[in-house]
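Only one chain comes next, encoded as structure tokens, the form predicted on its own.
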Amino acid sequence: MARYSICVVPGDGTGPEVVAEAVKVLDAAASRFGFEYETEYLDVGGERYLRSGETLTDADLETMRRSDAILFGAIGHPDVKPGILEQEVLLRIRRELDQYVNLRPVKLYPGVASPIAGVRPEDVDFVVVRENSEGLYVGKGSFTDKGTGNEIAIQESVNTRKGVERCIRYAFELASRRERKHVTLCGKTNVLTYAWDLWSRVFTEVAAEYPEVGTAYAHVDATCLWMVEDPARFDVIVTDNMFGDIITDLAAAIQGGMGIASGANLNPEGVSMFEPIGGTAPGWEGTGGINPLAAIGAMGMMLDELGETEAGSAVEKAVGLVAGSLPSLRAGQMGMTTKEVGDRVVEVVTRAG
């Protein structure tokens, strides 16, 4: 019987509440599909930073490295200056563990309302592959004459051939396993001529190795337009760190909202991290009204990446069925509590056995 070590980081705000429901469903999936797991919880986030001044320690990273996967809730605190937790926790984990792909499946489940009039579930079923370790997020730049009327701020986008190629290759490998077998490169070649010259050249070279996969290019602004006007045109989208961060929030809206949006930070050769993308949801902590489906879906992605594909598929299907049965995916409008939604997913996963 397979046994996995899962590092759990509940984090701040509503993170602990949604992670608790994800672990509850994980337990049900383990019972049904015959695998075992152990968890090690880490206290990482805004509350610990305010108590001790610590963000992410070397000991925390070592715990993550020796685990098989990381289940992450959310971090953020109103009393912590923006950028500290993001740079010193989230981005450091991605860099230190070389989680170079951010994977965002975008699917509209039957029964879930999309803000796009007339859109059908079969129209929204694509994946965004976002480069996760480079670009504008490396934190490089400079000030000249800071604080004066002549101040200049420079933020550098760093793109290496290695980083770009492995991200694009992952997208083509993924597309080759999907029914439609198509990859769209989302960029801005007409303005950002250095970085996107590299991305375009590497995309063309890698595409030649996958003749069975169709390709297209779209500027990022056109991608946003077509996501709303014609989401069915997309199968796999590959893009850089900044553009990926932006278009996946739009994608979440298309599929029904943040309550259903799950994501993964992948190192296909190492330890990966799985999380809901909606953040800490300030004001909803302790109310019992937050939607846990994104966290549960992220846990399902974790199972799939661990090789428990049958269990991962069962969790994903259960999330879709429960989502479609709710009057709304918005916090406080689900018609049931956070715990009740988790219980419903457990029932579906268990009943299917």
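In case it trips you up, residue 1 is the first one in the sequence shown, and so on. Keep in mind it's a predicted model, so treat the numbers as computed, not measured.
If you look for the form predicted together with a small molecule, you will not find it shown, but the lines that follow are about it.
Discussion item. In the predicted bound form, does W196 come within 4.5 Å of the small molecule, counting heavy atoms only?
Written reply: W196: no, not in contact with the small molecule in the predicted bound form.
Discussion item. Considering non-hydrogen atoms and a 4.5 Å limit, does the small molecule approach D245 in the predicted bound form?
Written reply: Although the small molecule is absent here, D245 would touch it in the predicted bound form, with heavy atoms inside 4.5 Å.
Practice prompt. May I ask you to state whether L91 is within 4.5 Å of the small molecule in the predicted bound form, using heavy atom distances?
Written response: Within the cut-off, so yes.
Practice prompt. Give a yes/no on whether Y137 approaches the small molecule to within 4.5 Å in the predicted bound form, heavy atoms considered.
Written response: Looking in the predicted bound form, residue contacts with the small molecule include Y137, since a heavy atom lies within 4.5 Å.
Worksheet item: Looking at the small molecule in the predicted bound form, do all three of D98, R166 and E305 come within 4.5 Å of it through at least one heavy atom?
Response: Not one of the three qualifies.
Worksheet item: Taking the partner as it appears in the predicted bound form, which of 227-235, 196-204, 167-175, 129-137 has residues with heavy atoms within 4.5 Å of the small molecule?
Response: Careful reading of the contacts points to 129-137.
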